[in-house]
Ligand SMILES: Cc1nc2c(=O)[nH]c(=O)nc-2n(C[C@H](O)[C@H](O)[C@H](O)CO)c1C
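In the block that follows, a single chain appears as structure tokens, in the form predicted on its own.
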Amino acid sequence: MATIGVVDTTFARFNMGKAAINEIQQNATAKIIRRTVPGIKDLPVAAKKLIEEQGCDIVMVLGMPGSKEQDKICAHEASTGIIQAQLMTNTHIIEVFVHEDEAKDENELVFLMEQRSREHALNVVKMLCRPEKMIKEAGTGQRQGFEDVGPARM
């Protein structure tokens, strides 16, 4: 049985980890190990530890960078750390960030956080259990959270 790690943050304004786990459980049989950390800069080491110490086959990291310039810098640093952790462990770590200023209001923010968490959870299931489904979606303009844009047309 595959082991999927899920790491979320207390800084986020929605329980993204819960939504992701629910979606995984509806679509795959897998052992799920969850960790929660304070903020997005804590995600890389938590994911790396799940891979190295708990044997996770893939990890999702979920977080919500705030809307201030400092938050955007922190998000970039966290992304860099996540990439480094992937390269150090040779394991996919799927980054799921929803920036607080992506939404026009709180209702849309909640919608976006839940949808992006769930849609990336489906990506994790496909990558781990059904890679042929990911191949079929190549070049189709998929967007996690908002409506898909579709492929480019000539």
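Each residue number is its position in the shown sequence, starting from 1. Keep in mind that this is a model prediction, so the values were computed, not measured.
Beyond the structure shown, there is the form predicted in complex with the named molecule, which is absent from this document and is the topic of what follows.
The named molecule in the model of the complex comes within 4.5 Å of a heavy atom belonging to residue 11.
Interface membership of residue 29, defined by any non-hydrogen atom within 4.5 Å of the named molecule in the model of the complex, is ruled out.
The shortest heavy atom separation between residue 51 and the named molecule in the model of the complex exceeds 4.5 Å. The named molecule in the model of the complex comes within 4.5 Å of no heavy atom belonging to residue 35.
Only one of 40, 85, 94, 113 comes within 4.5 Å of the named molecule in the model of the complex through a heavy atom, and that residue is 40. Exactly one of the stretches 63-71, 103-111, 124-132, 85-93 approaches the named molecule in the model of the complex with heavy atoms within 4.5 Å, and it is 63-71.
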